[in-house]
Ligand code: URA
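Just one chain is shown here, as structure tokens, and it is the form predicted on its own.
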């Protein structure tokens, strides 16, 4: 692929903008400045630099992010900053988007990608991808609460969603897994069971845990094939 097309595919702008970067001697590969926009380069494993910043060629983006509170999972946020402001502009240019959504006040593991097939597969209710949350409750956790969530609680105009797994982590801290992901589902289930969710953190998607990524809040990382395989 020509260097100009590589830069365009990686979100560095239009054809004209990418050619200008090259002509201005802002792009190098393996320490060699390249000024020919039409020079062909192998994409596999390609590492290049733009203005001294190193980039790795990625055909598709698969990102794991530790979402902070008060960020909206939308490309057009209305009341809070958008989650995409935490990513490089080049990734935003590639039309990366959140895989599903977390409420603005919910924290934890969030996936983002520019791969439409991946987004659809992860979001499809038919796949029943399990998502695990840690909920801090207003009232103490009781055996009755756990039993209700395991048996299913009635939500308005909906079937009774059942928690795939529930366990008590502390007096007011509950771990709850669901495989449906309806609107505000965890908060609504807890309210229907007679308690109230004070704060909510998504700790895992499938077998991929936020702790295993070691991300401080607000930070992100590329997900490698082994990590993507855990999203089941």
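Residue numbers count along the first chain shown, from 1. Just so we're clear, the structure is a prediction, and the values are computed from it rather than from any experiment.
Keep in mind that the form predicted in complex with this ligand is missing from the display, and what follows is about it.
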Answer yes if any heavy atom of residue 103 is within 4.5 Å of a heavy atom of this ligand in the predicted complex; otherwise answer no. yes
Touches this ligand in the predicted complex: residue 187 (any heavy atom, 4.5 Å): yes
Using heavy atoms and a 4.5 Å limit, would one call residue 133 a contact residue for this ligand in the predicted complex? yes
Though only this chain appears here, would residue 193 touch this ligand in the predicted complex if you measure heavy atom gaps against 4.5 Å? no
Which among 79-87, 137-145, 95-103, 109-117 is in contact with this ligand in the predicted complex, heavy atoms within 4.5 angstroms? 95-103
Using heavy atoms only and a 4.5 Å cut-off, determine which of 173, 50, 200, 166 is in contact with this ligand in the predicted complex. 200
